[in-house]
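Okay, here we've got a single chain as structure tokens, the form predicted alone, with questions on binding and movement later.
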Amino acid sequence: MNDRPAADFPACDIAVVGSGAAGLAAAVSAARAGCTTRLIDPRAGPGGTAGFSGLTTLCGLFDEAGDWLNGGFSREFAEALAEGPPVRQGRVWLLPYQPERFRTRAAEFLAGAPGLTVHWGTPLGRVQVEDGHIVQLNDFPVRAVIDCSGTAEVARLAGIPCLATDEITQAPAVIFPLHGVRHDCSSPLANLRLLLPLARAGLPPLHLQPGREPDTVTAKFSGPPAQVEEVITVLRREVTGFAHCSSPAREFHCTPRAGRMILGRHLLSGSEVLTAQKFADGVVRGAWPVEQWNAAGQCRLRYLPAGAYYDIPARALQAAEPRNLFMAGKTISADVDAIASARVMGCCLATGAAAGQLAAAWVRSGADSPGTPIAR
């Protein structure tokens, strides 16, 4: 691994944009497949939403019974990250983690990947397309590109058509840890007890997920960052178990749940997710419910049939045009309903690993196809 400026290097086989869960998995998987790989990210180090947003739970790793949905890199990294067993919340399972540990483990995996070069503090500035292929990224030649930016930055700069979420389907949230909480947060009913006192105070809803440490939870607030301190004050005063709660965060900011999705060779639909569709070229399994949030902080959950999972096909990880553009994480080819399930981090790890292998197969074969299905 090397972090010299991108301009100092010759052509590479695969360029990966973004080093969150999807980008980490894509870069390591492409490099392990024998491709010279270059990872660029505007941050000073890896982690993305998983490492910097305040989230402390990985969703989408497990089926309804608590068994692993996908093997390969997603399970390998999750097991390296975990400090304890998954936690059940209603019909889903969450893996608590510490953001600092995510960043550390991500750096270790990147450092151990052969033929991988990283460029921190490097925003994506230029995408050159010729004859239906991306030929340069930030002025260095590439053979294939994987967009793991979360907001389809490669597609935006290349003028490639995208779909987009909005505040009706994926409104952003302020995510922060709360310490000193003596309140059961393991069920949806527990969250309902918070809504009335906040509503009486004229504040938007707050949703909690259990954290890794005792008496610690992750809060997802639907209002503006400026109201977080008021929310904590109301919780202390009016909700049993919150009298001594506090947040170690020094500042609060909104985190987008999803953004733009690149149109691929197949558009994964919400109906395919909810009916647990399988595909001959399926490369990732998903089982998270379709989870949509509006600007008022109201959540709409639609579950798959009991015990079911759906496939994400390889065609949803390869752009319709240009064909040497692949995508993973929140940028996969999915409509606003499907991405509401596939955007969670466990699924991002799995689609990242699959996209890395698909791009590597493209580079090796040069065929106008994403190749054969990849073993899970």
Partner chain sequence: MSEILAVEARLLEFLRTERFSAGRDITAETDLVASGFDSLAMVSLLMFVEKSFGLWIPQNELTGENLQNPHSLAAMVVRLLHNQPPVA
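Only a predicted model underlies this, so the values are computations on that prediction, with no experimental measurement involved. Residue numbers count along the first chain shown, from 1.
Another form, the form predicted in complex with its partner chain, is not on view; read the next lines as being about it.
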property	result
Site check E130, L267 and R323: each within 4.5 Å of its partner chain in the predicted complex by heavy atom	no
Its partner chain contact at P205 in the predicted complex, heavy atom, 4.5 Å	yes
Residue contact check: V87 to its partner chain in the predicted complex, 4.5 Å heavy atom	no
A199 within 4.5 Å of its partner chain in the predicted complex, heavy atoms	yes
4.5 Å heavy atom contact, G297 and its partner chain in the predicted complex	yes
Which of 133 to 141, 108 to 116, 67 to 75, 232 to 240 sits within 4.5 Å of its partner chain in the predicted complex, heavy atom basis	232 to 240
In the predicted complex, the residue from I168, A226, L189, A80 that sits within 4.5 Å of its partner chain by heavy atoms	L189
The unique member of R91, H244, R193, R126 whose heavy atoms fall within 4.5 Å of its partner chain in the predicted complex	R193
